[in-house]
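Only one chain is given next, in C-alpha coordinates, and it is the form predicted on its own.
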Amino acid sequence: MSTSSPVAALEIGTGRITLAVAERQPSGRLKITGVKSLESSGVRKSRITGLNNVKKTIQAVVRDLQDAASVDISNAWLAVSGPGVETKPLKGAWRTDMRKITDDDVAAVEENATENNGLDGSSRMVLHNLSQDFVLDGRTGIANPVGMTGQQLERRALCVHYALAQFDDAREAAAASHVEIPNAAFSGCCAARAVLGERERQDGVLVIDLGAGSTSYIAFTCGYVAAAGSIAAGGDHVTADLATAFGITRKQAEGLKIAEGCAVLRSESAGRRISIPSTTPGFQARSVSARAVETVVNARMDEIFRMVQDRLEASGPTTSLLAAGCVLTGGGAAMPRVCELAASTLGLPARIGEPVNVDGLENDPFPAALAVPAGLALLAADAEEAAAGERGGFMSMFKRIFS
(Lines give C-alpha, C1' and ligand atoms only; values in the text may rest on other atoms or scores of the structure.)
Protein backbone atom coordinates (compact mmCIF):
# COMPACT_ATOMS: atom_id res chain seq x y z
CA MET A 1 0.00 0.00 0.00
CA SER A 2 1.41 3.41 -0.98
CA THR A 3 1.36 6.56 1.14
CA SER A 4 1.57 9.11 -1.68
CA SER A 5 0.40 9.73 -5.23
CA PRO A 6 2.48 8.15 -8.02
CA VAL A 7 5.36 10.06 -9.60
CA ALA A 8 6.61 9.49 -13.13
CA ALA A 9 10.10 9.80 -14.62
CA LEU A 10 10.83 10.13 -18.35
CA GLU A 11 14.18 9.63 -20.06
CA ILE A 12 14.34 10.44 -23.79
CA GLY A 13 17.56 8.68 -24.73
CA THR A 14 19.34 8.14 -28.01
CA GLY A 15 18.93 4.39 -27.71
CA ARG A 16 15.68 4.06 -25.79
CA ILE A 17 12.85 6.11 -24.36
CA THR A 18 12.02 4.98 -20.83
CA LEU A 19 9.14 5.87 -18.54
CA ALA A 20 8.91 4.76 -14.91
CA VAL A 21 6.25 5.27 -12.24
CA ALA A 22 6.86 4.99 -8.51
CA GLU A 23 5.02 5.34 -5.21
CA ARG A 24 6.16 5.99 -1.64
CA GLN A 25 5.60 2.96 0.60
CA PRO A 26 4.57 2.93 4.30
CA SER A 27 8.21 2.24 5.15
CA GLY A 28 9.15 5.57 3.56
CA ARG A 29 11.00 3.88 0.72
CA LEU A 30 10.10 4.66 -2.87
CA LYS A 31 9.08 1.69 -5.01
CA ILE A 32 9.16 1.53 -8.79
CA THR A 33 5.78 0.06 -9.66
CA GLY A 34 6.12 0.08 -13.43
CA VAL A 35 8.72 0.61 -16.16
CA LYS A 36 8.32 0.68 -19.92
CA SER A 37 11.15 1.17 -22.39
CA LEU A 38 11.07 1.23 -26.19
CA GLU A 39 13.73 1.75 -28.85
CA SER A 40 13.89 5.42 -29.71
CA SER A 41 13.89 7.10 -33.09
CA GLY A 42 14.50 10.75 -33.79
CA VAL A 43 17.10 11.29 -31.04
CA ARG A 44 20.81 11.85 -31.67
CA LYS A 45 23.45 12.63 -29.05
CA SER A 46 20.65 13.00 -26.48
CA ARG A 47 18.95 15.71 -28.57
CA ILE A 48 15.60 15.42 -30.34
CA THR A 49 16.12 15.55 -34.10
CA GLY A 50 12.80 14.08 -35.22
CA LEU A 51 9.94 15.41 -33.11
CA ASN A 52 7.17 13.33 -34.67
CA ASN A 53 9.10 10.08 -34.17
CA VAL A 54 9.70 10.91 -30.51
CA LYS A 55 6.02 11.80 -30.05
CA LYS A 56 4.96 8.40 -31.39
CA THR A 57 7.38 6.51 -29.15
CA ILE A 58 6.33 8.43 -26.04
CA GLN A 59 2.68 7.77 -26.89
CA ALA A 60 3.41 4.04 -27.09
CA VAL A 61 5.41 4.06 -23.85
CA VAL A 62 2.73 6.00 -21.97
CA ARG A 63 -0.09 3.81 -23.29
CA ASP A 64 1.70 0.55 -22.47
CA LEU A 65 2.76 1.66 -18.99
CA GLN A 66 -0.66 3.01 -18.07
CA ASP A 67 -2.22 -0.30 -19.07
CA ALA A 68 0.39 -2.40 -17.28
CA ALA A 69 0.55 -0.36 -14.05
CA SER A 70 -3.14 0.64 -14.01
CA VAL A 71 -2.21 4.26 -13.38
CA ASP A 72 -3.02 7.54 -15.12
CA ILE A 73 0.13 9.47 -16.10
CA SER A 74 -0.55 13.18 -16.52
CA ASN A 75 2.89 14.56 -15.70
CA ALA A 76 6.46 13.30 -15.55
CA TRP A 77 9.87 14.72 -14.68
CA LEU A 78 12.47 14.67 -17.44
CA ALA A 79 16.07 13.43 -17.23
CA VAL A 80 18.47 15.37 -19.48
CA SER A 81 22.06 14.85 -20.63
CA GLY A 82 24.29 15.53 -23.61
CA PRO A 83 25.86 18.73 -24.92
CA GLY A 84 22.81 20.77 -23.86
CA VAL A 85 23.96 20.35 -20.25
CA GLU A 86 26.60 22.78 -18.99
CA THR A 87 27.98 23.72 -15.58
CA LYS A 88 29.15 26.98 -14.06
CA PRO A 89 30.88 27.57 -10.71
CA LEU A 90 29.10 30.06 -8.45
CA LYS A 91 30.42 32.00 -5.49
CA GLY A 92 28.66 34.16 -2.94
CA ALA A 93 30.07 36.38 -0.19
CA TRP A 94 28.62 37.77 3.05
CA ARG A 95 30.31 39.97 5.65
CA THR A 96 29.55 39.21 9.31
CA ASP A 97 31.85 41.66 11.17
CA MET A 98 33.68 39.07 13.25
CA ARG A 99 30.90 37.28 15.09
CA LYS A 100 29.42 33.82 15.26
CA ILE A 101 27.82 32.62 12.04
CA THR A 102 24.04 32.15 12.19
CA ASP A 103 21.49 30.34 10.04
CA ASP A 104 20.48 33.72 8.63
CA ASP A 105 24.06 34.32 7.49
CA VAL A 106 24.09 30.96 5.71
CA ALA A 107 20.80 31.73 3.98
CA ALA A 108 22.08 35.13 2.90
CA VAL A 109 25.33 33.86 1.42
CA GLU A 110 23.56 31.02 -0.40
CA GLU A 111 21.10 33.48 -1.95
CA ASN A 112 24.01 35.71 -2.93
CA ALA A 113 25.75 32.76 -4.62
CA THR A 114 22.80 31.78 -6.79
CA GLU A 115 20.85 34.95 -7.56
CA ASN A 116 23.40 36.40 -10.01
CA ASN A 117 24.41 33.40 -12.12
CA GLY A 118 24.96 35.40 -15.30
CA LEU A 119 22.88 33.05 -17.46
CA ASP A 120 20.68 34.20 -20.32
CA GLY A 121 17.24 33.23 -19.09
CA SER A 122 15.86 33.32 -22.61
CA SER A 123 18.04 30.41 -23.70
CA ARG A 124 19.20 28.60 -20.55
CA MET A 125 17.34 27.05 -17.62
CA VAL A 126 18.84 26.22 -14.23
CA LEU A 127 18.53 22.54 -13.38
CA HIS A 128 20.40 22.52 -10.07
CA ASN A 129 22.39 24.85 -7.87
CA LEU A 130 24.49 22.22 -6.12
CA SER A 131 25.98 23.42 -2.85
CA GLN A 132 29.66 22.83 -2.29
CA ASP A 133 31.71 24.02 0.66
CA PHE A 134 31.80 27.21 2.72
CA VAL A 135 34.88 29.38 3.07
CA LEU A 136 35.28 31.41 6.27
CA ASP A 137 38.09 33.97 6.34
CA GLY A 138 40.03 31.87 3.83
CA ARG A 139 39.41 28.54 5.58
CA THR A 140 38.05 26.12 2.95
CA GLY A 141 36.23 22.80 3.17
CA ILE A 142 33.70 23.87 5.80
CA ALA A 143 30.48 21.87 5.61
CA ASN A 144 28.46 23.92 8.10
CA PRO A 145 29.81 27.23 9.47
CA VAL A 146 26.98 27.90 11.95
CA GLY A 147 28.47 28.72 15.35
CA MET A 148 31.95 29.39 13.98
CA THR A 149 33.45 32.87 14.30
CA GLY A 150 34.60 34.97 11.37
CA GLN A 151 33.93 38.09 9.32
CA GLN A 152 33.97 36.99 5.67
CA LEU A 153 31.71 34.05 4.77
CA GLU A 154 31.75 32.63 1.26
CA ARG A 155 29.67 29.90 -0.36
CA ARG A 156 30.80 27.88 -3.36
CA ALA A 157 28.24 26.11 -5.55
CA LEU A 158 27.96 24.47 -8.95
CA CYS A 159 25.16 25.56 -11.29
CA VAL A 160 23.99 22.89 -13.73
CA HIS A 161 22.02 24.45 -16.57
CA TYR A 162 20.38 23.25 -19.77
CA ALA A 163 19.37 24.51 -23.20
CA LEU A 164 15.83 25.83 -22.87
CA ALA A 165 14.99 25.03 -26.51
CA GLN A 166 15.81 21.36 -25.97
CA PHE A 167 13.63 21.27 -22.86
CA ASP A 168 10.77 22.85 -24.83
CA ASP A 169 11.18 20.20 -27.56
CA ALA A 170 10.81 17.45 -24.95
CA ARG A 171 7.74 19.13 -23.46
CA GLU A 172 6.20 19.37 -26.93
CA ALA A 173 6.88 15.68 -27.57
CA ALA A 174 5.29 14.63 -24.27
CA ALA A 175 2.31 16.95 -24.71
CA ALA A 176 1.13 14.80 -27.61
CA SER A 177 0.45 12.11 -24.99
CA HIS A 178 -1.23 14.64 -22.66
CA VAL A 179 1.74 14.40 -20.32
CA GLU A 180 3.08 17.61 -18.79
CA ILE A 181 6.76 17.96 -17.92
CA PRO A 182 6.98 20.33 -14.92
CA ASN A 183 10.70 19.96 -14.22
CA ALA A 184 13.93 18.42 -15.45
CA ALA A 185 17.00 17.01 -13.72
CA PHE A 186 20.52 16.22 -14.86
CA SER A 187 20.98 12.50 -15.50
CA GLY A 188 24.21 12.43 -13.49
CA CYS A 189 22.37 13.71 -10.42
CA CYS A 190 19.64 11.14 -11.02
CA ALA A 191 22.04 8.20 -11.25
CA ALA A 192 23.90 9.33 -8.14
CA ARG A 193 20.66 9.68 -6.18
CA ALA A 194 19.74 6.10 -7.02
CA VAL A 195 23.02 4.27 -6.45
CA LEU A 196 25.10 6.11 -3.83
CA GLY A 197 25.11 6.04 -0.07
CA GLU A 198 26.25 8.84 2.21
CA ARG A 199 29.49 7.05 3.09
CA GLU A 200 30.59 6.94 -0.55
CA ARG A 201 29.85 10.63 -1.05
CA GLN A 202 31.90 11.46 2.02
CA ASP A 203 34.81 9.24 0.97
CA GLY A 204 34.82 10.65 -2.56
CA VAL A 205 33.27 8.89 -5.56
CA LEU A 206 32.79 9.30 -9.29
CA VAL A 207 29.56 8.18 -10.99
CA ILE A 208 29.61 7.70 -14.78
CA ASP A 209 26.33 7.03 -16.58
CA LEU A 210 27.09 5.37 -19.92
CA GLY A 211 24.25 6.20 -22.28
CA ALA A 212 23.88 5.60 -25.99
CA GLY A 213 24.26 9.17 -27.22
CA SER A 214 26.09 10.77 -24.30
CA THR A 215 27.95 10.02 -21.10
CA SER A 216 27.21 11.92 -17.90
CA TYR A 217 29.44 12.10 -14.85
CA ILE A 218 29.31 13.53 -11.34
CA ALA A 219 32.04 13.47 -8.67
CA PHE A 220 31.66 13.90 -4.93
CA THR A 221 34.30 14.79 -2.34
CA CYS A 222 33.64 15.27 1.37
CA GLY A 223 29.92 14.78 0.72
CA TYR A 224 29.42 17.57 -1.80
CA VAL A 225 29.50 17.75 -5.61
CA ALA A 226 32.98 18.64 -6.82
CA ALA A 227 32.43 18.28 -10.58
CA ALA A 228 29.69 17.32 -13.03
CA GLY A 229 29.08 17.35 -16.74
CA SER A 230 28.11 15.47 -19.88
CA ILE A 231 30.04 14.55 -23.02
CA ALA A 232 28.61 13.84 -26.46
CA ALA A 233 29.89 10.28 -26.77
CA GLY A 234 28.38 6.96 -25.77
CA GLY A 235 27.46 3.46 -26.83
CA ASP A 236 25.95 4.63 -30.10
CA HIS A 237 29.41 5.82 -31.12
CA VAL A 238 30.78 2.33 -30.54
CA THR A 239 28.11 1.03 -32.91
CA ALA A 240 29.03 3.65 -35.54
CA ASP A 241 32.73 2.76 -35.24
CA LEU A 242 31.98 -0.93 -35.85
CA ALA A 243 29.79 -0.12 -38.85
CA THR A 244 32.54 2.02 -40.39
CA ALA A 245 35.38 -0.36 -39.57
CA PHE A 246 33.75 -3.42 -41.13
CA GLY A 247 31.49 -1.90 -43.78
CA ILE A 248 28.28 -3.22 -42.21
CA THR A 249 24.90 -1.67 -41.43
CA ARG A 250 24.16 0.06 -38.13
CA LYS A 251 21.74 -2.74 -37.26
CA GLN A 252 24.42 -5.36 -37.88
CA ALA A 253 26.94 -3.33 -35.93
CA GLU A 254 24.61 -2.98 -32.96
CA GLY A 255 24.03 -6.74 -32.92
CA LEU A 256 27.78 -7.33 -33.18
CA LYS A 257 28.44 -4.98 -30.27
CA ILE A 258 25.88 -6.66 -28.04
CA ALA A 259 26.92 -10.22 -28.92
CA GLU A 260 30.68 -9.88 -29.17
CA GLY A 261 31.72 -6.49 -27.78
CA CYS A 262 34.17 -6.36 -24.90
CA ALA A 263 35.80 -3.33 -23.28
CA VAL A 264 39.24 -4.99 -23.16
CA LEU A 265 41.18 -7.28 -25.48
CA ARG A 266 40.77 -10.92 -24.44
CA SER A 267 43.51 -13.43 -25.10
CA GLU A 268 40.94 -16.09 -26.01
CA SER A 269 39.75 -13.94 -28.91
CA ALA A 270 43.01 -14.22 -30.84
CA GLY A 271 42.47 -16.05 -34.13
CA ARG A 272 38.70 -16.38 -33.69
CA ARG A 273 36.36 -15.28 -36.49
CA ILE A 274 32.82 -13.97 -36.07
CA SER A 275 30.17 -14.66 -38.71
CA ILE A 276 27.95 -11.74 -39.72
CA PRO A 277 24.83 -12.90 -41.59
CA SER A 278 23.79 -10.97 -44.67
CA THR A 279 20.73 -8.75 -44.34
CA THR A 280 20.45 -8.04 -48.07
CA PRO A 281 19.33 -10.65 -50.64
CA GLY A 282 22.11 -11.47 -53.09
CA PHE A 283 24.91 -10.54 -50.67
CA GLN A 284 26.86 -13.28 -48.95
CA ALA A 285 27.46 -13.54 -45.23
CA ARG A 286 30.91 -12.50 -44.09
CA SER A 287 33.18 -12.93 -41.10
CA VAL A 288 35.36 -10.55 -39.11
CA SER A 289 38.18 -10.98 -36.63
CA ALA A 290 37.05 -11.12 -32.98
CA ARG A 291 40.26 -9.35 -31.99
CA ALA A 292 39.52 -6.56 -34.48
CA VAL A 293 36.02 -6.12 -33.02
CA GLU A 294 37.41 -5.84 -29.50
CA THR A 295 40.07 -3.40 -30.68
CA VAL A 296 37.43 -1.05 -32.10
CA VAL A 297 35.25 -1.30 -28.99
CA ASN A 298 38.17 -0.86 -26.61
CA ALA A 299 39.45 2.23 -28.43
CA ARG A 300 36.12 4.09 -28.20
CA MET A 301 35.34 3.08 -24.60
CA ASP A 302 38.83 4.02 -23.50
CA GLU A 303 38.39 7.40 -25.21
CA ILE A 304 35.13 8.02 -23.34
CA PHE A 305 36.76 7.35 -19.98
CA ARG A 306 39.70 9.55 -20.89
CA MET A 307 37.36 12.37 -21.85
CA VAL A 308 35.80 12.15 -18.39
CA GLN A 309 39.26 12.04 -16.84
CA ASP A 310 40.31 15.16 -18.77
CA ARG A 311 37.22 17.01 -17.55
CA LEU A 312 38.01 16.10 -13.95
CA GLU A 313 41.63 17.14 -14.26
CA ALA A 314 40.59 20.48 -15.75
CA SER A 315 38.12 21.51 -13.08
CA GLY A 316 37.42 18.74 -10.62
CA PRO A 317 38.99 16.57 -7.94
CA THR A 318 42.10 14.45 -8.33
CA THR A 319 41.71 10.69 -8.18
CA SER A 320 43.40 10.71 -4.76
CA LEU A 321 40.22 12.34 -3.39
CA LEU A 322 37.95 9.62 -4.83
CA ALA A 323 38.61 6.84 -2.34
CA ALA A 324 35.29 5.10 -3.03
CA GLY A 325 36.25 4.77 -6.69
CA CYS A 326 34.09 4.84 -9.79
CA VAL A 327 30.50 3.64 -10.11
CA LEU A 328 29.19 2.82 -13.60
CA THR A 329 25.51 3.01 -14.55
CA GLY A 330 23.48 3.09 -17.76
CA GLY A 331 23.08 0.58 -20.56
CA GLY A 332 26.76 0.86 -21.48
CA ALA A 333 27.70 -0.53 -18.08
CA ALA A 334 26.47 -3.93 -19.31
CA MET A 335 29.44 -4.28 -21.64
CA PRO A 336 31.70 -7.17 -20.54
CA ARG A 337 34.75 -6.13 -18.50
CA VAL A 338 33.89 -2.44 -18.64
CA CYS A 339 34.81 -2.06 -14.97
CA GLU A 340 38.26 -3.44 -15.73
CA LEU A 341 38.81 -0.83 -18.43
CA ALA A 342 37.46 2.01 -16.27
CA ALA A 343 39.75 1.05 -13.42
CA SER A 344 42.77 0.86 -15.70
CA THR A 345 42.07 4.16 -17.48
CA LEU A 346 40.96 6.22 -14.50
CA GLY A 347 43.24 4.68 -11.90
CA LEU A 348 40.26 4.00 -9.62
CA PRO A 349 38.50 0.86 -8.42
CA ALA A 350 35.27 0.49 -10.41
CA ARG A 351 31.97 -1.31 -9.89
CA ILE A 352 28.52 -1.51 -11.47
CA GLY A 353 26.01 0.73 -9.68
CA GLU A 354 22.62 -0.80 -9.01
CA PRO A 355 19.83 1.36 -7.53
CA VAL A 356 19.96 0.85 -3.76
CA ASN A 357 17.82 3.77 -2.62
CA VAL A 358 14.66 2.59 -4.35
CA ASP A 359 12.75 -0.70 -4.40
CA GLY A 360 10.97 -2.56 -7.19
CA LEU A 361 13.87 -3.36 -9.53
CA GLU A 362 15.09 -6.49 -7.78
CA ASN A 363 13.96 -8.79 -10.61
CA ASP A 364 15.26 -6.64 -13.45
CA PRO A 365 18.04 -8.44 -15.37
CA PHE A 366 20.30 -5.34 -15.32
CA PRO A 367 18.97 -2.64 -12.93
CA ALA A 368 22.03 -0.42 -13.46
CA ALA A 369 20.53 0.53 -16.83
CA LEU A 370 17.56 2.04 -14.96
CA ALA A 371 19.59 4.10 -12.50
CA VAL A 372 18.63 7.41 -14.15
CA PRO A 373 14.82 6.95 -14.21
CA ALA A 374 14.97 5.41 -10.72
CA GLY A 375 16.94 8.34 -9.34
CA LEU A 376 14.74 10.82 -11.19
CA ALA A 377 11.66 9.29 -9.56
CA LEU A 378 13.34 9.76 -6.17
CA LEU A 379 14.09 13.41 -6.91
CA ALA A 380 10.54 14.00 -8.13
CA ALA A 381 9.04 12.37 -5.03
CA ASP A 382 11.31 14.39 -2.73
CA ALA A 383 10.41 17.62 -4.54
CA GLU A 384 6.69 16.93 -4.28
CA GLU A 385 7.04 16.37 -0.55
CA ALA A 386 9.08 19.56 -0.25
CA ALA A 387 6.46 21.51 -2.19
CA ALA A 388 3.82 20.18 0.21
CA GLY A 389 5.79 21.73 3.06
CA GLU A 390 7.13 18.51 4.50
CA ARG A 391 10.84 19.22 4.04
CA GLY A 392 11.38 22.85 3.03
CA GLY A 393 11.90 24.34 -0.41
CA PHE A 394 12.84 22.89 -3.77
CA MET A 395 16.47 23.94 -3.61
CA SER A 396 16.84 22.69 -0.05
CA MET A 397 15.94 19.24 -1.38
CA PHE A 398 19.02 19.29 -3.61
CA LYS A 399 21.20 20.63 -0.82
CA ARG A 400 20.04 17.79 1.41
CA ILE A 401 20.97 15.19 -1.19
CA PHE A 402 24.15 16.61 -2.66
CA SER A 403 25.68 18.84 0.01
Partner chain sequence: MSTQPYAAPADAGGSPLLLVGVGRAGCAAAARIWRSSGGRIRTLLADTDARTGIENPGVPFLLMGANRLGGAGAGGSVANARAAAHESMHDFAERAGTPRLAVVTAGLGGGTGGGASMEILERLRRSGAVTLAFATMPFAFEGPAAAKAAMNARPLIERNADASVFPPMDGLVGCADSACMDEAFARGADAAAAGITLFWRLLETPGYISLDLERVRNLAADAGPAVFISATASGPDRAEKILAALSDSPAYGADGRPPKASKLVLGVMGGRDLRLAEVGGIAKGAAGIFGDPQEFAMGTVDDEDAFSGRISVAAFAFAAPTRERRDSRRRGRAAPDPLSPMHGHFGGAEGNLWNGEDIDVPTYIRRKLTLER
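Fair warning: this is a prediction, and the values are worked out from it, not measured in the lab. Numbering follows the first chain given and starts at 1.
In what follows, reference is made to the form predicted in complex with its partner chain, a form of this protein that is not presented.
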Options 362-370, 37-45, 347-355, 52-60; stretch whose heavy atom lies within 4.5 Å of its partner chain in the model of the complex:
37-45
Is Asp203 part of the interface with its partner chain in the model of the complex - any heavy atom within 4.5 Å?
no
Contact flag, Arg300 vs its partner chain in the model of the complex, heavy atom cut 4.5 Å:
yes
Decide whether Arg306 counts as a contact residue for its partner chain in the model of the complex under a heavy atom distance cut-off of 4.5 Å.
yes
Heavy atom to heavy atom, is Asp120 within 4.5 Å of its partner chain in the model of the complex?
yes
Of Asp310, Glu111, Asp137, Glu180, which one comes within 4.5 Å of its partner chain in the model of the complex, counting heavy atoms only?
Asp310
Of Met148, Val126, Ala292, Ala323, which one comes within 4.5 Å of its partner chain in the model of the complex, counting heavy atoms only?
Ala292
In the model of the complex, does each of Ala233, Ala240 and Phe246 have a heavy atom within 4.5 Å of its partner chain?
yes
